[in-house]
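Below sits a lone chain in structure tokens, taken as the form predicted alone.
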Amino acid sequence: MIVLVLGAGAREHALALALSRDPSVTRVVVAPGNAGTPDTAPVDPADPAAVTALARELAADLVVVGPEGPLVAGVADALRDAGVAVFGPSAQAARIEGSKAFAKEVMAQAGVPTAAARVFDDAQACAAHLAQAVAPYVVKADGLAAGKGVHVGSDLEVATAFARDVLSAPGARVVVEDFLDGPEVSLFAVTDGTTVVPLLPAQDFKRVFDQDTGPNTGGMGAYAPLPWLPADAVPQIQREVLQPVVDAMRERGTPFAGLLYAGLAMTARGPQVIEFNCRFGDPETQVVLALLDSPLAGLLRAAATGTLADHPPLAWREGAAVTVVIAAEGYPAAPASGDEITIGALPPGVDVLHAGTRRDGDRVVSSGGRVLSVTAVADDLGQARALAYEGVSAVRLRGSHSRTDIALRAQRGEVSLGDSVPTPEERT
């Protein structure tokens, strides 16, 4: 089987590694890829015609769309129209990530537990609503924002300014919703539009600095599994969240086939949806796929061809996985680029997955904000965490930075369902 993976980040590098371990796969091409993906092709992943032409040229048996942008742009639709098996939802179904307001509509139809919310396209009306709301304030840009279009905080002036800035763009909308308390869970589910197969739950770390301080990023690290999550949590989430949403999307005439990512808060009232994504999340993909013991290509192809109900149950490796993101100097505000990256000897069980990298002659240099993900697998969370940070210490990149507390509280047994979540101001 020849598989084409679209994208250029650590998520796509992780997908390529996992797909290459599948005995049925003879070749994995990543387009456009990065300096760490060995078999690449130059293509704009958001260009439906160019992607379709590349898939035909490669005689690809399966195309896996990594980022959300190409999905919202209709790349999966073009491939399906051309008769190419593709893992990724249609443009209409991808609106579940492309519009937070649309996602709220679907959740209301499906009866899915989520925060109460209102949608605004007028800054003055939004400001008036915020003035009457209860802190912490949660304000989200309605469209795609690469994981950074969210403000959570207790300062009314800052929240109002964030909303005003978003709404200054023509046609922009914001969603203002209630704050959801409790530790967060990222749960991926593979679906063919009818059958839903959840993967291993993970937790990511969105803020740039230790103790969850600083601005939101696309994610600075993750770990799996979650030792504090009850064994019945995933079946509950599948029953109350994932399956109802997939059923609702099908009933709306926009069936969702691909990867449905539920970001949840484990509140005192049970799991509540924070957001949905329409693709594998980064950096959670790195740890989830590192622990998957079933062939990945067969699973994704079953979802792409509507035969997921016939796929055997998934198998998972024992142990735990931790990934730590190494970011460029100045990230997330103004990341530096063009700095050389060198990687020393890595301990067994550690992979360095590339994201913001490119080749400059014989050198590998930085080309983006989140540059590398160092991912480790070991017998338990403490060992995986130690190995991951040993891998981080082997990387040399001028001015780079990473969080030092990825999975630390979970390792110490300090995370529980009864936790309250402090605001960034309270953490500071």
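Note that residue numbering begins at 1 and tracks the sequence as displayed. Bear in mind that the values here come from a model prediction, so they are computed numbers and not experimental data.
Below, we refer to the form predicted in complex with adenosine monophosphate (AMP), which is not included among the displayed structures.
Though adenosine monophosphate (AMP) is absent from this view, in the predicted bound form it lies within 4.5 Å of a heavy atom of just one residue from I237, L130, V106, V152, which is V152.
Among R301, R173, R95, K206, the residue placing a heavy atom within 4.5 Å of adenosine monophosphate (AMP) in the predicted bound form is K206. In plain terms, the part of the chain that comes close to adenosine monophosphate (AMP) in the predicted bound form, with a heavy atom within 4.5 Å, is 273-281 out of 273-281, 80-88, 317-325, 156-164. For the three residues L17, D39 and A60, a heavy atom within 4.5 Å of adenosine monophosphate (AMP) turns up in the predicted bound form in no case.
At the 4.5 Å threshold, heavy atoms of A135 stay clear of adenosine monophosphate (AMP) in the predicted bound form, well away from it. Taking the partner from elsewhere, E184 is found to have a heavy atom lying within 4.5 Å of adenosine monophosphate (AMP) in the predicted bound form. Not displayed here, adenosine monophosphate (AMP) is approached by F179 to within 4.5 Å at the level of heavy atoms in the predicted bound form. Proximity of H354 to adenosine monophosphate (AMP) in the predicted bound form falls outside the 4.5 Å heavy atom cutoff. Contacts between 87-122 and adenosine monophosphate (AMP), taken as any heavy atom within 4.5 Å in the predicted bound form, involve K100, A115.
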